[in-house]
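Quick heads-up: the structure tokens below are two forms of one chain, split into structure 1 and structure 2.
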Structure 1
Amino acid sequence: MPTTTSPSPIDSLRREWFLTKLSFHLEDLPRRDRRAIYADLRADLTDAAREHGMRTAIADLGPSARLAHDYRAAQGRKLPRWWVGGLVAGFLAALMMFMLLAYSVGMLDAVASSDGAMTSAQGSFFWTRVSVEYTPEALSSSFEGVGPLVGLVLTFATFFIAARGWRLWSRRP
């Protein structure tokens, strides 16, 4: 059903939902380019909806994934995949924290099972000095050293490598 003026609220929602789905696939494009694409599509969908209705206008664009693929190809160069980098770096960071936590819990368990022979212990895990204390009054663990800094550097390096960050400067398609 053609519309004569601005889209109805429902049509506006349909339009914005499509643009939202498209944005999931365009995360790797520079922000300025993404905003330009959304502005252009918003205007063109509004015009197309006047003749054919918003559903048809959106259907004519095709699947959002394919449209995003064509927009990425229009960049003329390979782009970094930031979400891939974030996923891999996030997994690595979580793994490192889990391993450190498991190490400190293991030390606490060893101290606890000594039946009072030990009330504290120190250890080292990936450049981090781990100290634990286990008494009837206190249960604690502390961490010192450059380990967290090393972990941070490893996480950023993993993010950049997994995202193929060097493509930022790539001029080859």
Structure 2
Amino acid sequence: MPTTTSPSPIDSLRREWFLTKLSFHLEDLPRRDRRAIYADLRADLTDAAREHGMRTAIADLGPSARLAHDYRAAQGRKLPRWWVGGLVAGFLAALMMFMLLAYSVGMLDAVASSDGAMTSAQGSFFWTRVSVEYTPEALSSSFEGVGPLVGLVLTFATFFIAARGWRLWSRRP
């Protein structure tokens, strides 16, 4: 049985790693609730580690995902999942930018392979006018239109829907 009052550096790392994994799963809880949970768990783990060791204290809590599920269920209401919304919206935004880039590169390739018959081209892709120019001295693309604004609105709408943002207005018991 350890006689020290504070955990060893290794035990502190184990405890903080467990709390870090838990924090990922609790990201959707209100900040004040998360802070209270972390403070309580940190103190409880430190106390339990004095008697049985940090590994046993952490193992007794079970997997961090399961513990987080129990804390979310204790809220008494379904919460928005902001990190899910962020992942889905980020993927959508990256996909839209990649598609626009691929379109403009395709246009540049068409102009470059025309053997000098044309040096520029214009097209439209998702409400965005794309102009490309290819000469021996310059290579350029320009974009104008409401496409980026439409993409931004779609990204925010996707974020809100994927995160289930309407749960924010549910009443707390």
Partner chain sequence: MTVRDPQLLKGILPTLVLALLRREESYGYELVTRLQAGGLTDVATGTVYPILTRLEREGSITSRLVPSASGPARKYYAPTTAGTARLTQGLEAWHDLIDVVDTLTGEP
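So that the term is clear: the rigid core is the largest set of C-alpha atoms that superpose within 1.5 Å between two forms. For residue numbers, the reference is structure 1: its sequence is counted from 1. Predicted model only: the values in this text are computed from it and were never measured.
Only structure 2 of the pair represents the form predicted alone. Comparing the forms between structure 1 and structure 2, the C-alpha position of Ser12 differs by 2 angstroms or more, with the core used for superposition. Once both forms are fitted on their core, the CA shift for Leu139 between structure 1 and structure 2 remains under 2 Å. For Asp44, the Cα shift between structure 1 and structure 2 is 2.6 Å when the rigid core is held fixed in the overlay.
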